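For reference, the chain that follows is the form predicted on its own, supplied as C-alpha cells.
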C-alpha cells in the first residue's frame, strides 16, 4: 500500500469506529449481522397478499398516497409512537453524508437523518435527542428489523425494489441514486465489466451484489461500506461498487480514489416501514410532501451533497 494513503485509511477506520459507538452515544446498539431469529421472522411474515407480481411492480410509484397533511390520529401507529415518547429509527452508522456519527460532535448526522428528524417533528411537534432513538444497523438488518418491529422506520440509503416490496412497505421516493464503481486512482479499470474475475466489495444485504456477480467479478461482502474502503486501501479488493451517493462519501474520505464508468442502475431510495402500518406510510408521505415543498429537502441536499438539485417527484400507487 502506498504510504501516502495511510492517513486516509485511519480516517475511514475512525469513521467506522465512531459509527460502532452509536448505540452508546445516541440510542440502541446492534451487531453487524441479523441473528437467526430475525431472519426467521423475515421469512415467516411474507403473507401471500403481500407478494406483488414483478410485471406489475413499479418501485418509483409503489407507495400509498397521503390523505392530507400529516396528522397524529387517535389509535394510529403515530399515536402509539407519541405515547411511547420517541421514534425508533434504523439508520446507517458510517456512510458519510447520509448517516454517520460525527466524531467531532458525537451526533448522528446526514441527509437521511435530516429526513428522520422531519418525521419526528411531525409526530411530536419538535425533533431533538429525546424524540428519536437511533438504532445502528447494517444493510442486512434493515428488513428483519422492520418486520420484527424492533424499529419503526428505516432511513438507510435503501433502494426500493420489487423483491423488498414483498416484505416491507416504503415511502415515496425521496432520493435517486445510481450504482457506479470506486477504484484507486492508479487503477486501469474503466468500468465494472473490466473487473471481470477480480474482487469487488459490497455490503451484505445490498442489491449491489447482483450487478457485481453478473459481470463475473467476485463479490466480497462486508457489514459496512467503510469496511470496503479499508479493503480497497489495503489492496484486498480491486474496487467497490454501490450507489454513487455512497461512493461519493467514500471518495471524500480518500482523495486517492475515483469513480469510474457509466451509471449501472437506477436506485430510488425510500423509507422502509412495516406493512402492518399503512397509516404510518401515508403519514410519512405527507411529511415528505411538506419537506420538499417547504424547501427543507433542497437545504439538506445543499448542506450534505452539493449544489441544490430538484427533489424527485413524489409518485404513488394508490
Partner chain sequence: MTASVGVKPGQHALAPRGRGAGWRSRLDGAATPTRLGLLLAVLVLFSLAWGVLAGLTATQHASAAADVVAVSEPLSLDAEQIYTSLSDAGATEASAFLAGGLEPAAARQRYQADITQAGIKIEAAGALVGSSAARTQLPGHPANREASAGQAIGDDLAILSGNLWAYADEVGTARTDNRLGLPLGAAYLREASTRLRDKLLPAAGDIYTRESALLTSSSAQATGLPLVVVTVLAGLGIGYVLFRSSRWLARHTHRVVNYGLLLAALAGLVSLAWLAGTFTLGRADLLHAQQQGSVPAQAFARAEVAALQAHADESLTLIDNSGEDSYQQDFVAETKLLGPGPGTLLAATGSSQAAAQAQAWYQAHKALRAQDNGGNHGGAVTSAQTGAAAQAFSKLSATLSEGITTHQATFDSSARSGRDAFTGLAIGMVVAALVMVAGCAWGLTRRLAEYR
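Nothing here was measured: the structure is a model prediction, and the numbers come from that model. Residue numbers count along the first chain shown, from 1. Basically, rigid core = biggest C-alpha set you can superpose within 1.5 Å across the two forms.
The following text describes the form predicted in complex with its partner chain, which does not appear among the structures shown.
Undergrad: Contact between residue 134 and its partner chain in the predicted complex at 4.5 Å, heavy atoms?
TA: Within the cut-off, so yes.
Undergrad: Does any heavy atom of residue 106 come within 4.5 Å of a heavy atom of its partner chain in the predicted complex?
TA: Flag for residue 106 set to yes.
Undergrad: Just checking whether residue 102 would be counted as a contact of its partner chain in the predicted complex - the rule being heavy atoms within 4.5 angstroms.
TA: Taking the distances in the predicted complex, the answer for residue 102 is yes, it comes within 4.5 Å of its partner chain.
Undergrad: Can you work out whether residue 96 and its partner chain are in contact in the predicted complex, taking contact to mean some heavy atom pair no more than 4.5 Å apart?
TA: Although its partner chain is absent here, residue 96 would touch it in the predicted complex, with heavy atoms inside 4.5 Å.
Undergrad: Here the chain is shown alone; which of 124, 224, 77, 111 has a heavy atom within 4.5 Å of its partner chain in the predicted complex?
TA: For this set of options, the contacting one is 224.
Undergrad: Answer with one of 241, 206, 138, 157: the residue that has a non-hydrogen atom within 4.5 Å of its partner chain in the predicted complex.
TA: Flagged contact: 138.
Undergrad: Which of these stretches, 194-202, 208-216, 178-186, 81-89, has heavy atoms within 4.5 Å of its partner chain in the predicted complex?
TA: This holds for exactly one stretch, 81-89.
Undergrad: Along 225-249, which positions have a non-hydrogen atom within 4.5 Å of its partner chain in the predicted complex?
TA: Contacting residues: 226, 227, 229, 230, 233, 234.
Undergrad: Once both forms sit on the same rigid core, is the C-alpha displacement of residue 103 at or above 2 Å between this form and the one not shown?
TA: Stays below the 2 Å threshold, so no.
Undergrad: Tell me, please, whether between this form and the one not shown the C-alpha of residue 221 is shifted by 2 Å or more, with the rigid core used for superposition.
TA: Shift at residue 221: 2 Å or more after core fit.
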